[in-house]
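In the block that follows, a single chain appears as structure tokens, in the form predicted on its own.
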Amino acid sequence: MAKITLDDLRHSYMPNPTAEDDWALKQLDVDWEDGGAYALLGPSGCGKTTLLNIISGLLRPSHGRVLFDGKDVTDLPPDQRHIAQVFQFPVVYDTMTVYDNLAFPLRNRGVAEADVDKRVREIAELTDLTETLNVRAAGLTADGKQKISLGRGLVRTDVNVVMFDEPLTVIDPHLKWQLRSKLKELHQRVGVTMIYVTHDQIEALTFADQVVVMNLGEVVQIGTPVDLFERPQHTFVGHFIGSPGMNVMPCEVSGGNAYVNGVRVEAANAHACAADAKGLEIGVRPEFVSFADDGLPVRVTKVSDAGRFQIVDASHDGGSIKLLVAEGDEIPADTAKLKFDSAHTQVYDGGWIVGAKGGAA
């Protein structure tokens, strides 16, 4: 296991990058603690796999360093980094039994057969593969084969980090929950550093202790699932995490108060805005919006049943605001007024929460 440090890391696939858009990965300075469970979350093309390949040694960064426990491994090949990687599509030897698949990494390193047998049976027990040890891998389902890939990553005792590159993509939906739970359980039991790459917020939020949200080659926030939900540092995080995503609407700030089309809206950080700040926005999640006797005037345009609650679409000045209403609660038929929970309503400047990167303060 290892603490992983990305020091002033940047990467471009172009020989002479000049513009900001030339960089697949913009500057990253990140520390992942030894034994942690982390997720890299973001849309396709945001740089997640590029970063994973740099950490594993499959790709050398254009700039900056990768350190394991303070040791610079930037120029080391993958086999000297002691990395285990589980890919999107299960990589197994179909003609081998499950036992031989799990044993292969150890036998390849000359481990004594008695030690191989002990370790293989330990990992098979952890990954629920004991009953299939003597079955050829070709006869297993996709989730069974992915468990073999996972087991091969865990069977070695010298692994610094296990990395998962969207490992549940090819798994049937009803089995994904089982494998997500198994991954979480395995991390708690073995304590090895794990990094999980995905574009699926549910996978990231249920697996990781800390989630690294990326967009356009940049880390926009690192935090716990609660941090990302309750205090998005960037409007992208608010949009990308949550269903429905965060409401964002233009606002002005005057005298420490936020206003939407002249209507005062209480926001937790409005007092921190610069007096001359322009292009500001209010951000508030649908969970923290409710109907009230006084507040922002809206027109109810749509109501969608989501089981335990209803998603209400309301229109204000041509823009849409969503709120969640508990099942059975009254919903106005046409016009209404909305209030926002001030503790969970924030002002954003240039996409960033005021007081954070790029935000007015």
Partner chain sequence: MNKTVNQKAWLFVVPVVLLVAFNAIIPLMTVVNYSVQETFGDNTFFWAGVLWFEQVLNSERFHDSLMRQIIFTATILAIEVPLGVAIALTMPRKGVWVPVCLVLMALPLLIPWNVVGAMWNIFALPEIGLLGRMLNGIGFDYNFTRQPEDAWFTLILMDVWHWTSLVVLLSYAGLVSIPDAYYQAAKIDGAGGWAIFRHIQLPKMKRVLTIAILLRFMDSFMIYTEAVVLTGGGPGNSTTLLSIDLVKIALGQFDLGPAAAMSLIYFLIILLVSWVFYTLMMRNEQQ
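Numbering follows the first chain given and starts at 1. Keep in mind that this is a model prediction, so the values were computed, not measured.
Omitted here: the form predicted together with the partner chain. The next part is about that form.
Of the candidate stretches 210-218, 185-193, 224-232, 92-100, only 92-100 contains residues with a heavy atom within 4.5 Å of the partner chain in the predicted complex. Only one of the listed residues (Ser181, Ser254, Asn108, Asn134) places a non-hydrogen atom within 4.5 angstroms of the partner chain in the predicted complex, and that residue is Asn108. With the partner omitted from this view, the residue of Phe87, Phe288, Tyr259, Trp177 that lies near the partner chain in the predicted complex is Phe87 [heavy atom within 4.5 Å]. If you check the partner chain in the predicted complex, you find no heavy atom from any of Asp7, Trp32 and Lys71 within 4.5 Å. The partner chain in the predicted complex comes within 4.5 Å of no heavy atom belonging to Gly245. Although the partner is absent here, Val325 sits far enough away that none of its heavy atoms falls within 4.5 Å of the partner chain in the predicted complex. Using a 4.5 angstroms limit between non-hydrogen atoms, Val300 is distant from the partner chain in the predicted complex. Interface membership of Arg119, defined by any non-hydrogen atom within 4.5 Å of the partner chain in the predicted complex, is ruled out.
Residues of 222-253 include none with a non-hydrogen atom no more than 4.5 angstroms from the partner chain in the predicted complex.
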